[in-house]
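Take a look at this single chain in structure tokens; it is the form predicted on its own.
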């Protein structure tokens, strides 16, 4: 059998790793010795598809047909706030697909989000094949802990499109904990604070040698480094507008130059107190005079602009600690994952909360891919590495009751795998099928939660209202993916299940 590789499919950057014959975990290098592949897809003016570094290099000149941060949109309904927010900050075009998902228009071609993810996965796979000199057909792929069932399904679908079997989906913070804890015979409670390019997760994981048990998890899949960049970009545009009465936000090339620089300056400010922010010839005055952006960005200004974002991560962290019934002083180790955790103020805030510096035991950019590879290795047929991952669902799963109320079947942080059966009956005479709308989220009203699907159970024996008895089983597997089934308790017959996720 070919080897199973580990893939960290990130919002802004992706990478892959493998456990070699000697048991060493190795990141898979790309030509030029880099390990990171930007999660970017583009079509150039000649109609060529570009992925990764090639796509990133031409981004400034071709912002309209360059797709980045697509992971934020995967498995999302088009009519959500998140999609509305994204529309404001990206240059590429989004529209509603027929499954109420988001479709991207790139160079006048339509792409579904799982197709974009499939292209990025395929690029990672081909880099791995070049390195290993053999075909790669199986992978463990990581997702944010806070991904819903629909988002997890979409990642599996992306694999199917390119005949890459996604053997297992595991959560990013859990993968990072594996990278940190494997082979050290640890017995400790760890907090994983994972602030990446596009998503934020926090997980509390108890490590007992080879058992990794998640106690609680939480997050926000719309909070990450991109939002720190955006806070800088907004400031720069407002400042320029004040000085020159010109709004740059409608100029995609100027915006792209500002965006590129914002990310670089943000990174600089992690090691310096100030850095120049200069974009020469960013635009022209109506009289044809060139105008520049040129000022000094201080670390203090960056911290002030992004304070609300840091506060949001701390609020989520505190909620998760509370869910786990954990006091900061009982935490053995704090692991920081994701590039944005390099920001000094993030580390300072966490150090105040936990009264100790974060662990140096994991590399923030590499831990997730390494953990995925370790887990992949444990799934190989000939593996002597036996691991136990005990994870949880990140938010409640339940059904819609009369009046749109949400009835919880699995509460958030319920252990997985998990199954629950509920009894239902008919509400009118002669009814032969029962419909159920299933949602995922932590809100008391379904309108604020994510629709997972309309399940229709048909094949009931017709009878008077309230007489039929059927048992509906909810089954969440080890990957946090839901399947539903039902049987007629009178006849013992399994009922036919159909699922639709098409409406708003």
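Numbering follows the first chain given and starts at 1. What you see is a predicted model; the values in this text were computed from it and never measured.
Although not depicted, the form predicted in complex with a small molecule is the subject of the following passage.
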(message) Within 4.5 Å of the small molecule in the predicted bound form - does that hold for a heavy atom of every one of 10, 198 and 267?
(response) yes
(message) Only one of 394, 225, 75, 181 gets a heavy atom within 4.5 Å of the small molecule in the predicted bound form. Which one?
(response) 225
(message) Can you work out which of 334, 86, 279, 343 has a heavy atom no more than 4.5 Å from the small molecule in the predicted bound form?
(response) 343
(request) Give a yes/no on whether residue 433 approaches the small molecule to within 4.5 Å in the predicted bound form, heavy atoms considered. (result) no
(request) Verify the contact flag for residue 358: yes if a non-hydrogen atom of it lies within 4.5 Å of a non-hydrogen atom of the small molecule in the predicted bound form, no if not. (result) no
(message) Against the small molecule in the predicted bound form, would residue 398 count as a contact residue? Criterion: heavy atoms within 4.5 Å.
(response) no
(message) Check residue 71 for me: does it contact the small molecule in the predicted bound form (non-hydrogen atoms, 4.5 angstroms)?
(response) yes
(request) Please name which of the stretches 236-244, 185-193, 290-298, 258-266 has residues with heavy atoms lying within 4.5 Å of the small molecule in the predicted bound form. (result) 258-266
